[in-house]
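Here you get one chain, nothing else, as structure tokens; it is the form predicted on its own.
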């Protein structure tokens, strides 16, 4: 289901002017605080009535100011997952889930309670009350409640922001399942590039109320103009080959083998791996005698020099792109130029568990342009 959003709104000191279309899956609004992410979600939710715009999820038209159409919030068929779970403390998990089901329109196609419970791992929690749940468990219940309301669109406004790292690691796989196994489109807000790399089908990068980049996560996260040199990263697609006795998992990529600390995914599983540009070392020739296990062959497609001493080099590694952040002096000493063969060296321990997700990044086309009334 295509998500189509075009919104303009003026506040004192801030103008929102955003327009894009995204294919089915998880569309992530990514950007720093104050870029307009939550404001845009509020417009989709009907909590903000914009000056002009059009919002539609497939054939479900929520807003068209030119036609005088504004669907009120309570009729928008949205599932909203907030930073806090907002569960009813006096109800059990089963009853909180049932509250979501109560909002499903009569005759609407909805997920079954049993499927939601299985997908989110809620079986052992059904008779507990929220006070006896961890933060991650509460968010899983909140996701289930939203899903059982038979929404046409799920909104998630930084749902992991209030959780510590272990709880985030607990929740991310469930959002991946939601993306892959449920037909409802997801509009997800985040300022974490690790979350974006793992979850996004399409990334919409915002800055100062404008779209600065849109596309699959590997393309947007590698765009220095959109995310800045310090935030630049790559997303490689890979497949699990085998788990080895020394605690490493072997992955196959288009550019060679990739070795990571043991992953939970079964052999044959498709995964996506986020690699920070600052963790990549380049060599013109294939290096020997190194402790680093990961050496990927690629072709330089571009070199971007910043205003300071840095340079960003992009390599084509199969169908993926790999960004490497180094100094201008290093790039000149190596004589790097587009079209050259090059080798990227990655330390196994530089890739954290939260940088590896299931599935492959989306490749759907997305369009961006000025919002119109």
Partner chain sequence: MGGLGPEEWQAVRLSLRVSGVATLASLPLGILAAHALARWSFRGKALLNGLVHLPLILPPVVTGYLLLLTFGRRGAVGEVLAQFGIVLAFRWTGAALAAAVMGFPLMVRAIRLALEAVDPKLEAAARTLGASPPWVFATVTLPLILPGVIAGSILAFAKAMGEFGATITFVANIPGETRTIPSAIHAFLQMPGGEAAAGRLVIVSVALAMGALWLSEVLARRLARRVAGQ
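Because the structure is a prediction, the values reported are computed rather than measured. Here the rigid core means the biggest group of C-alpha atoms that line up within 1.5 Å when the two forms are laid on top of each other. Numbering follows the first chain given and starts at 1.
The next section is about a form of this same protein that is not shown, the form predicted together with its partner chain.
Just one of 74, 262, 230, 286 comes within 4.5 Å of its partner chain in the predicted bound form, counting any heavy atom, and that one is 74.
Note on contacts: among 268, 89, 123, 107, the single residue with a heavy atom within 4.5 Å of its partner chain in the predicted bound form is 89.
Residues with any non-hydrogen atom within 4.5 angstroms of its partner chain in the predicted bound form fall in just one of 75-83, 157-165, 278-286, 186-194: 75-83. Contact check for residue 243: no non-hydrogen atom falls within 4.5 Å of its partner chain in the predicted bound form. Of the heavy atoms in residue 205, none are within 4.5 Å of its partner chain in the predicted bound form. Its partner chain is not drawn, but in the predicted bound form it has a heavy atom within 4.5 Å of residue 99. Though the partner is left out of this view, residue 47 does reach within 4.5 Å of its partner chain in the predicted bound form, counting heavy atoms only. Residue 90 shows a C-alpha shift of 2 Å or greater between this form and the one not shown [criterion: core-superposed Cα displacement of 2 Å].
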